[in-house]
Each structure stands twice: as C-alpha cells, then as structure tokens.
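Only one chain is given next, in structure tokens, and it is the form predicted alone.
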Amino acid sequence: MRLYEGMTLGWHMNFIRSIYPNWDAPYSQLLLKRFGLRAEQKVKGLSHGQRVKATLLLVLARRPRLLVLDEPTTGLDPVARHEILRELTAVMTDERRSILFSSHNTQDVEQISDRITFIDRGRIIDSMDKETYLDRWRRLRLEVPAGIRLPTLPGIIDVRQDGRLAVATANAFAPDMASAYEGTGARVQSI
C-alpha cells in the first residue's frame, strides 16, 4: 500500500474508510493506541517501523477475511516486531479470518503459523501443519572417530563435519537414525 508523504495518517484513515464500508472506526482507534501512532502525524515523519504499523492499521481496520502479507516484520526493531506479531496473532483468534504471509524469519513462522508451505519458483515443495513439520526436524550431534565415514541415511538432508565432530540435520527424523550412526562407530552426543 502506498502512503502519501505529505498527508497525515488520519487523512489516510479517512480515505480508506471512504472506500471500504467494513471499516471499523473503534478498532482503528485502538490500533492507533496499540501501535503508538497519532492520526495527525505526517507520513514523511514516520520511521520505518511506524510506516509498517500505519500500513497494517489501514489494512486491519478494514477487517478483511484474508490478509496476504509479504515479509511483514522485515527491518523492524524487536519492539515493533513484537507489536506487529501480537496484532497478527490477535487476528488469528477470529476463525473467520486468515493470514497468508511469506517470511524468511523462521521465528515469525514458528510463532504465529499453524501451517507451513515451502514454495520454490511457484512450485509447492512441502506443506503440512506446523507441529508435524517441526517435529520431523532434528539435529544429531555426533562424535566421529578418525577413519569412520558417516553413511548417507534417508531423511538426512545435511551433514557437516569438523574434525571429530559432526552435525547431521534430518527433515524426516526416525529414532533408528541414531542407531545407524552408532553402528558405524560414531557416538551420538545429543539429538
């Protein structure tokens, strides 16, 4: 959403309200307070974080059933990031509303998502509920004696070895992976 530098946040709120009949004026005032914004502020005087909050206010106060956001917390300081995520989490309490957002920030994804989908060049690579997805991932920290070569195991997507220490990353963890590594002479330090 483009914000006009010379206009105030209040002007933008009135403009959006004139277009969207579902505009929720009391909610917009609540968001002003929550985000620490003032309607009389000119856009050109807003920081990056304040611009993100202002834009989100203009979108949320319309009460859309679907929000599509691209990297909503990129470049925000920790306080602003927390405020944005808190408000998005509050939106999710309404079962009639959904948020689709893209993010490279795995903490954001883990905090508010209930489903994770990986897309590469327009193709869905993997998609499942967050709990199942996170439960599949493990890191096995291994102590590897000299001369031992770690086998390639199904479900292990990366093995990094530095001397006698190795970390194997699994995206489809199975308990028998630890046994397979121990069968080669390696010692599993932790999973």
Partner chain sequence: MSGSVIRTLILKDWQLHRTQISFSMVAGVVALGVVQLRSETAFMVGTVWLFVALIVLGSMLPVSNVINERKKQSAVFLMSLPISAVQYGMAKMVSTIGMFLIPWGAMVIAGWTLVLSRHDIPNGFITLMFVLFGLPLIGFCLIAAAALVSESEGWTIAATIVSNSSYGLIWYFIIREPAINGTLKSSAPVWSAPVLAILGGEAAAIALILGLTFYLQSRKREFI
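Positions refer to the first chain, counted from 1. Note that the structure is a prediction, hence the values are computed from the model and not measured.
Just so it is clear, the following notes concern the form predicted together with the partner chain, a form of the same protein that is not shown.
The partner chain is not drawn, but in the predicted complex it has no heavy atom within 4.5 Å of K130. Under a 4.5 angstroms non-hydrogen atom cutoff, the partner chain in the predicted complex lacks S179 among its neighbouring residues. Put simply, L142 is far from the partner chain in the predicted complex: not one heavy atom of it is within 4.5 Å. Heavy atoms of N171 never reach within 4.5 Å of the partner chain in the predicted complex, leaving it off the interface. Shown alone, this chain has one stretch from 153-161, 120-128, 56-64, 24-32 that lies within 4.5 Å of the partner chain in the predicted complex by heavy atoms: 56-64.
Residues of 5-27 placing a heavy atom within 4.5 Å of the partner chain in the predicted complex, in sequence order: M7, W11, H12, F15, I16, S18, I19, Y20.
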